[in-house]
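Quick setup: one chain, the form predicted alone, written in structure tokens, and binding and motion questions come after.
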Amino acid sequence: MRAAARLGQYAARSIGLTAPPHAAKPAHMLDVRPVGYVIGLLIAALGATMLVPMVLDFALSDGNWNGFLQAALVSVLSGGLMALACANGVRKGLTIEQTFLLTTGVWAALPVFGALPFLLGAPGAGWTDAYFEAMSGLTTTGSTVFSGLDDLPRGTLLWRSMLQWFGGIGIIVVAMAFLPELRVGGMQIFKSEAFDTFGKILPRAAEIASRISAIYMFLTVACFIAYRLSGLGSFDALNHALTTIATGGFSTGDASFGAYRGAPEYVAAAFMLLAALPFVRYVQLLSGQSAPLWRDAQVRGMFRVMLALVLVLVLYRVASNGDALAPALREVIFNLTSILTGTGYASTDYQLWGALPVALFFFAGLIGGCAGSTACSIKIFRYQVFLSALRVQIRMINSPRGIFTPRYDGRPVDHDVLSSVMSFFMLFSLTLGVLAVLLSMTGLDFITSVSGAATALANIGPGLGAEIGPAGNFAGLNDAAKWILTAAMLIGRLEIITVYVLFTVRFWRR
């Protein structure tokens, strides 16, 4: 317990939430009204969007529309009353403490109401499954506990896709507006010049959201058109466009992308990669600045990793398994892109390719895409910072009298950034181990426990093994395991420290 307390205090100090002893002040209650006001508005807005799948089911004469209507009324009324109750505490900006609470509170509260259509309508799920599915959607994880997707009402399928689309745009705002200001996991290195404002955190978030919304919508529409041209029907193209740009991975059938072989796989791979790029670079492109995109260390690093893994896996399949080059190349590009970006689609059971591909897929999922995108997992930039620090340590050993500085993207890395990145790696590894042990205590086997912990914490989607692998789903897991995985999705999507800091005593002392 003492070690855990020290860890929490260290995490709090690393993000600037603690004050030196001589600056101690009397403790005051944290004002949660501004947080409740924003969460209430978002819940009401989420409820209003439920009218879209409701209208679809009503137009198709599917009785499932009634469940969406009930869920919408509950969400709008609950969110509206919450916002009204907290309206007297509204201010133009949020404190650091309120921002931490808001970031976690939004992702914990919205799945409660996002799950209502699954409870009140098809598939008539229990609370555990409904909340798991909604959390998987909003965190863009893509793990599912629903079977028989081909037979579900279209409104339900559309709602799952909409949840992921909302989660995708939401996490971009969090990654570009909140996490850099909160100095979480080294994200302070991305206080981007494209959004250089001097306002409070909320005005900054509103500015970022307004700029990226148009880009996010454009990519979604372009993806929809590309899917239609590649042969998908309108409904399937719409759903997959929503979940591709969100790098979410929910599909409209149990076979996932196995039902769309050929050209759609290349379309999906292209747009998954586009969604995994930093959205700030798109903003700069629109303003006539193309150089930052091509010079971005994250972008170059991600494509180098992608190219290296594709070459290794294709050569392995051709040389070791005797597979034909063209289908092997297509399947490798699609499935590897899906795992690397954390999307979670699967067009085939890649566990059948051999032991080496399975190992590479596992570790590729723990790499992730670029910061400031819809991609998840650890992110490329943290590995780049880590390797830069490692090179400096090696050079210092070889030249003890030399002075060396870690650099990222040509710039020196500040000590607080380096410390924050190392803290993230430590907490990620520690959390992954604890989750795997907890899952094994629920009765799961070793492969399922480890891969389940990794896929939930990194928000990838499919795990490994016969049950939760690319050919399976999470429906057969016990409720305890599902709740552990649900918590892991939330912790991983919000970069771990954002959630953990709420459990430190000093956070609540102001």
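Every value quoted in this text rests on a predicted model; they were computed, and no experiment measured them. Quick note: we count residues from 1 along the sequence shown, nothing fancier.
There is another form of this protein, the form predicted together with a further copy of the same chain, and it is not shown here; the text below is about that form.
Visitor: Answer with yes or no whether Phe190 is in contact with a further copy of the same chain in the predicted bound form, where contact means some heavy atom within 4.5 Å.
Guide: No, Phe190 sits far enough from a further copy of the same chain in the predicted bound form that none of its heavy atoms falls within 4.5 Å.
Visitor: How about Arg411 - does it come within 4.5 Å of a further copy of the same chain in the predicted bound form, if we only consider non-hydrogen atoms?
Guide: Although a further copy of the same chain is absent here, Arg411 would stay clear of it in the predicted bound form, with no heavy atoms inside 4.5 Å.
Visitor: Find out whether any non-hydrogen atom of Asp296 is located within 4.5 angstroms of a further copy of the same chain in the predicted bound form, and reply yes or no.
Guide: It does not: once a further copy of the same chain is placed as it appears in the predicted bound form, Asp296 has no heavy atom within 4.5 Å of it.
Visitor: Is there a non-hydrogen atom of Gly433 within 4.5 angstroms of a non-hydrogen atom of a further copy of the same chain in the predicted bound form?
Guide: Yes, contact at 4.5 Å.
Visitor: Check each of Ser256, Ser420, Thr156, Thr103 and return the one that places a heavy atom within 4.5 angstroms of a further copy of the same chain in the predicted bound form.
Guide: Going through each option in turn, the one that passes is Ser420.
Visitor: Name the residue from Leu219, Ala83, Val74, Val358 that puts a heavy atom within 4.5 Å of a further copy of the same chain in the predicted bound form.
Guide: The residue in contact is Val358.
Visitor: Among 211-219, 161-169, 263-271, 434-442, which stretch has residues with heavy atoms no more than 4.5 Å from a further copy of the same chain in the predicted bound form?
Guide: So the stretch in question is 434-442.
Visitor: Taking a further copy of the same chain in the predicted bound form, would Ile96, His415 and Leu464 all count as contacting it (heavy atom within 4.5 Å)?
Guide: Yes: Ile96, His415 and Leu464 each sit within 4.5 Å of a further copy of the same chain in the predicted bound form.
Visitor: Going by heavy atoms, what in 487-503 lies within 4.5 angstroms of a further copy of the same chain in the predicted bound form?
Guide: In sequence order, Ile497, Val501 come within 4.5 Å of the partner.
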